[in-house]
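Just the one chain here, laid out as C-alpha cells, in the form predicted alone.
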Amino acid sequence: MKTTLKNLTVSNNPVVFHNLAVIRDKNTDSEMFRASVIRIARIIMSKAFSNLPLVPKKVRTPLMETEVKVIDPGAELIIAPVLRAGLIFSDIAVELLPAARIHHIGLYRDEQTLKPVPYYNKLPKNFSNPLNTYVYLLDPMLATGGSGAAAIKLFADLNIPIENITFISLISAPEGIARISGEFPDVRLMTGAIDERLNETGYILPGLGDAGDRMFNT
C-alpha cells in the first residue's frame, strides 16, 4: 500500500491490480466479479485495520509464559457497510474482526441531483465510549463523495473522533476524495485505485459500472 495524500492510502499490491482488471472488464460474470472483489477487499482491509489499539496480554505456550499483543478488548469495533454494494465487503470484515458489530447504513444517490438519500439507519443514540470506538465504512465506489460524507457524519455526530473512522472502497474518483478530505480532513481513506474523473451523470471513469448490479447480477 502507498500513501499519496494525508490519510489516503492507495493499494500498490499486484494481486489488487490483477483483480481490478478482472472487475473492470464488462464481460466478467457476477460470480467472478464477486470473487475478485473479495480478494481485493481482504488485502485492503488487512491494511485498514492497522489503526486498531493493542494491549499486552500474558499467555502460556506449550513451553513457557510469554507476553503477546491483542486488540484492546475494551475497544468498540464497528463495521458499517453502505447498502447495498457494501454488503460483499462485510463478510470479509467480520471474518477478520469477528468481535465487531455490524451497522448497515442505507443511502442511495438521487440520479437527478446526485445527492445522497437516506433510507435505513439503526445506529444507537450514543456509544458507551466514543473515544475508543473504531468505525470502518464499506462502500465499493467513492464517486461524488456525497454518500460517503453523509455516512461519516452519522458517526461524527455521535462524537466518534474523525481519525477513528476509516472509509474503504474498491475505486475512488478524485472528486469524491476531495469532498471527503475537505469536509473531514482527519478521516482515513483506503482504496484500491484512484480513477480519472466522474462523467456528467456522476459515474466513475473508467470505473467498472454499477458495483451493486454487477455483484448481485441485477
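All of these numbers come straight from a predicted model, not from anything done at the bench. So that there is no doubt, residue numbering starts at 1 and follows the sequence shown.
Another form, the form predicted in complex with a small molecule, is not on view; read the next lines as being about it.
Across the proposed site, 31, 37 and 88 without exception lack any heavy atom within 4.5 Å of the small molecule in the predicted complex. Using a 4.5 Å cutoff between non-hydrogen atoms, residue 203 counts as a contact of the small molecule in the predicted complex. In the predicted complex, residue 79 stays away from the small molecule, with no heavy atom inside 4.5 Å. The shortest heavy atom separation between residue 143 and the small molecule in the predicted complex is within 4.5 Å. In the predicted complex, residue 210 approaches the small molecule with a heavy atom inside 4.5 Å.
With the small molecule left out of view, the stretch that reaches within 4.5 Å of it through heavy atoms in the predicted complex is, among 135-143, 67-75, 88-96, 120-128, 135-143.
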